[in-house]
Structure formats: structure tokens, C-alpha cells
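One chain comes next, on its own, written out as C-alpha cells in the form predicted alone.
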């Protein structure tokens, strides 16, 4: 027997489960179909587990330099098994929290494979979901008939033809989370966000790291000065960075991988392929609809509607900015539009964070982009070395950079590199949302001593009024 809903959501990641909660708040009858576990890649294979391990790396760094703070620590060691156990405990606690939120919102959750059906006896329109239980052959498929469907199937690690995953020596980021012991020597193919975070973590934990990036700089989408600062930092910490690296051949055994890089052979214990992610659009029944796909991404309009107006899509499956918080806001927008509201998402107000050491965060345009779009810009930097709290913390590497339209004093971009700057970026996010000027940020009173004072100083620097620089 078919069950009817106002909204059915295909996928329970940070787009799907957040959309379900918002739909419940709007008094819509809602169901989620998730083949694995609520929370999706972000919770189980991405954001949260990597940050848990990055915290282990941070604690390890702190112990190694404790003596400089007058704290003598002897005979400490790394227990990577315990680090993995703690990571799993964090994931489990958050997963239980999401399950509780589903119960609180009276949201029906179907754990199975959801496939989109075309017009049928259940509905004259495509969009009915068949929930299939492949692991339970005795359980019959269930049919869910929604007024609106939201596709949030997310993405998976992308492979390279020359480096297909074998899950033992040639790894995806998913595989890396399951490591029981650390390798001695690892190559990371890709100098984007995923590769940089893993490189930073593993290097801190004692792994010899080589980063292989096809472009001429790390983090190709970041501001030029940020990318250069990160490269110098990584090299100073003993990592090898090879830019414009062309891998023409890979030969793997059970214990190692030999890569031919720009004509030269190099051997590694393991290789992480971190060249981005690709949308999960196959096997979910899209061919039974008129939904348009380009470059493997579902095409949507400004309200996240597909060519089938009652079917929406959000998150990694539509491409764009592939971040968990972006996916959540896109999905909320889609739900509110279904409900007849008039939501608005401005991509210029979306912050981006990288949780490596040092951390990196930005919002808005890079200086290079700003020069293309505006004729009269001003860009200023303030170093963390000029901040008292950063010196107290022993974390004075990095800077904050602000880019402003000199004609209007409007903020165009804010970029940070340094310790825990992913927390500092929230102030700039608020400033962008409220359309605050550099003058207004500079004249906001910040507590002393605090690392947040760098935001005030760089804002004052725009008008040559910085106090401590």
C-alpha cells in the first residue's frame, strides 16, 4: 500500500535531515529515505571524523611543545587505535542526536535504497519513491507518494583512471578513515581541501607526506597570498609539495605503490587520491523523469527546482559549493519554497573553512576576483604576530586579509590563515549578512586580549587607522 507525504527526501545527509526538520517545523508531513545512516558522508565519512582526528593531531602538537610553556611531559606516545575509537564515539553520539531529532519532528525514516519511479498507478507524475530493502529479501518494497520530492543523494570520492581505488594501498578518504595503523610514507594526490586536511593531520602524526598537485599552487580556489603562506608552512614542517605534478603510471603491490611523476618513479606505502567528489546520480531512477543532468550534476533553478517543478535537488548532487553548511541552506531554501515562502540564499554570504593546521577560512571574493569585478579596491592585512592573545597562545603564524570596495567601503572578501580562524570567520559572515562596512567592523569594540581583535585591526587598517600595526 502506498503512503502519501507532503515531502519525501531522498538522502539523509546534512541537506536531507536538515530539510526534514525544517519541513516538520512548517507542519508538512515528511519522510526521509536513507540507504546507510542518517548524517550522510559529513557525519560518517567526512567532516566530523576528519575533524575528530585533526583534534588528535592538535593534542599531539601541544604535547610536543608543552615544555616551551613550562610544562614538562615525559614518555608520551600516540595511540592511534584510541584516536579511532574516540572518533567513532563522537560519530555515534551525533548520530543518536539526529535520530532523536527525527522522533521529535515526527519524521518517518526509511532505511533502504530509494528509487524514483515514472508515472504509474500511484501518481500521474514521476516522483513516487520505491524503497527497496536489498539486505532484507523478505521485506517488500514500500511506495512513498510525495507532493514534492527533494533529492539529496550527495557525492562520493572521485577516482583517477591512472589511480583506481584498490582500498588497500590506493585509498579514498573513506578508506583512510578505517586505517588501523599509520603508514610511514604517503602520497596525497590533490592539493584541495580534502588533501590539505589529511596532509596536515598525518604529517603531525609522524607520516612522511608528499603532496602531488596538478595545478601551479595549492588550494587553487583560495586567495593567492593564503595559498603561498600555506605552502611555506607545509614545507617548513617537512612536507614535500610537488606542483604541476603529472602522474602517468601507477604500479601497486600489497605493500606499496610506485608512481611515475613527471617521468620520475617514486615509491610510497600508501596513496590517498583526493581529487574531489562526484555526484551520486546513477541508480536512483532519474532516467524515469525529465530531470536534466549536465557534467554529472542535476540542474536546478534559483529555487532548487529541477525541470520537473515538483522535484527539487540540493547539496553536492547539484555541484556548486560542496560544503555541508551550504547543502543545509540549499535544502532549507527548497523546503521553504515548497511551502510557499520566499527564501533567499546569497552565495557571497557563505563562509568556507579548511581545518588543517594552520586553519584557513574565507568569505566573499579573492583579491584576484575583486580586481576583475571592481575598479577601485583596497586590500590590507594584519598579522597574528601583532595580536597579544595569539602570542600568549603560542600560535602567532598567519594573518587576516580584508578586501574592500574603496568607493563604497563595502566588504568584498575576508581571508584568514592561522590557529582556529574557522571560528573567527563567523564575524565576517555576520558583517556580510548585515551589509556592514569596514568602518563599522573597525569601530565594533572587541574584547582584549582576544584573537578576535585582528578583525578590528584589519578593518581599521583599511582606513589607515590600525592601532597595533
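Remember, it's a predicted structure, so these values are computed and weren't measured experimentally. Positions refer to the first chain, counted from 1.
The same protein also exists as the form predicted together with a small molecule; that form is not shown, yet it is the one meant from here on.
Trainee: Spell out, yes or no, whether the shortest heavy atom distance between residue 318 and the small molecule in the predicted bound form is within 4.5 Å.
Mentor: No, residue 318 is distant from the partner.
Trainee: Wondering, does residue 29 line up within 4.5 Å of the small molecule in the predicted bound form on heavy atoms?
Mentor: No, residue 29 is distant from the partner.
Trainee: Just checking whether residue 51 would be counted as a contact of the small molecule in the predicted bound form - the rule being heavy atoms within 4.5 angstroms.
Mentor: Although the small molecule is absent here, residue 51 would touch it in the predicted bound form, with heavy atoms inside 4.5 Å.
Trainee: Can you work out whether residue 220 and the small molecule are in contact in the predicted bound form, taking contact to mean some heavy atom pair no more than 4.5 Å apart?
Mentor: Yes - in the predicted bound form, heavy atoms of residue 220 and the small molecule come within 4.5 Å of each other.
Trainee: Name the single residue among 149, 212, 331, 199 that comes within 4.5 Å of the small molecule in the predicted bound form, judging by heavy atoms.
Mentor: Of 149, 212, 331, 199, the residue with a heavy atom within 4.5 Å of the small molecule in the predicted bound form is 212.
Trainee: So which of 165, 374, 355, 80 gets a non-hydrogen atom within 4.5 Å of the small molecule in the predicted bound form?
Mentor: For this set of options, the contacting one is 355.
Trainee: Have a look at 154-162, 200-208, 87-95, 286-294 and name the one stretch with heavy atoms inside 4.5 Å of the small molecule in the predicted bound form.
Mentor: This holds for exactly one stretch, 154-162.
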